[in-house]
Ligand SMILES: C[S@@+](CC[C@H](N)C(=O)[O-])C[C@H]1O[C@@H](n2cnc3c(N)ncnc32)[C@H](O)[C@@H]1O
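Next comes just one chain, in structure tokens: the form predicted alone.
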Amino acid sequence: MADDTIIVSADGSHTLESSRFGVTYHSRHGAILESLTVFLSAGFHHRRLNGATSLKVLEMGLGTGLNALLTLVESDRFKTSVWYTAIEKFPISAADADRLNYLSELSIQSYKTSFHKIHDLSHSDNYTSLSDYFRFRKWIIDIQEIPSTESYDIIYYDAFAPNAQEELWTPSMMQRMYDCLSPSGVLVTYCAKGSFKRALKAAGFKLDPLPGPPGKREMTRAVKL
């Protein structure tokens, strides 16, 4: 498989174009801005501002590691304990991750070792401490193989879009995600496609349509009642 191609998005931050799927990992309108809007603001900070001092996060699609990196930084900043599980069937290499410009764009060079480790770590059921507040583990599996014995407070649903990975946006998959969440848990994603929102409702979610990041009119936060 050829290396993924680095794309400079509109906010100056990198994304990758997947050689496997032919789509980008993040919005071309701004990779960092998309992650901050969709996952950090609507997910992490939404739960934090509603009183959570510790959170279990499940990310579907580790990709470039940007969402994990931003959550690590914000967990340190707000002293919020995070146990972060990332699922990625096709992980990029640590060497490829080192090509990305997130550390310089965010002026967080002190996180270089942690960001490298996010990609260098192997599949494990054990968490690795990356800071006083952030613990991380990576599962290199298909999401269908996710254990049903744990529950999470937030799901970052960052799979490739339905036109690239249609099987990850189905009613049965959303039911699986609903079952993975604790009561009042949230699933956040950039996708606001009608068929996807119907799948969420069928699984039992309450939907909070939210303004999307640049380039998208709307995004989705789904709440487990």
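Heads up: residue numbers just count along the shown sequence, starting at 1. Source: prediction; values computed, not measured.
Not on display, but discussed next: the form predicted together with the ligand.
- Per the 4.5 Å heavy atom criterion, the ligand in the predicted bound form is contacted by stretch 138 to 146, the sole one of 71 to 79, 138 to 146, 125 to 133, 103 to 111.
- Proximity of residue 64 to the ligand in the predicted bound form falls within the 4.5 Å heavy atom cutoff.
- Among residues of the shown chain, residue 89 is one whose heavy atoms approach the ligand to within 4.5 Å in the predicted bound form.
- Of the heavy atoms in residue 175, none are within 4.5 Å of the ligand in the predicted bound form.
- Although the partner is absent here, residue 160 is a contact residue: one of its heavy atoms lies within 4.5 angstroms of the ligand in the predicted bound form.
- Between the ligand and the residues 165, 41, 170, 182, the one pair within 4.5 Å by heavy atoms in the predicted bound form involves 165.
- Residue 21 is the only one in 10 to 24 with at least one heavy atom within 4.5 Å of the ligand in the predicted bound form.
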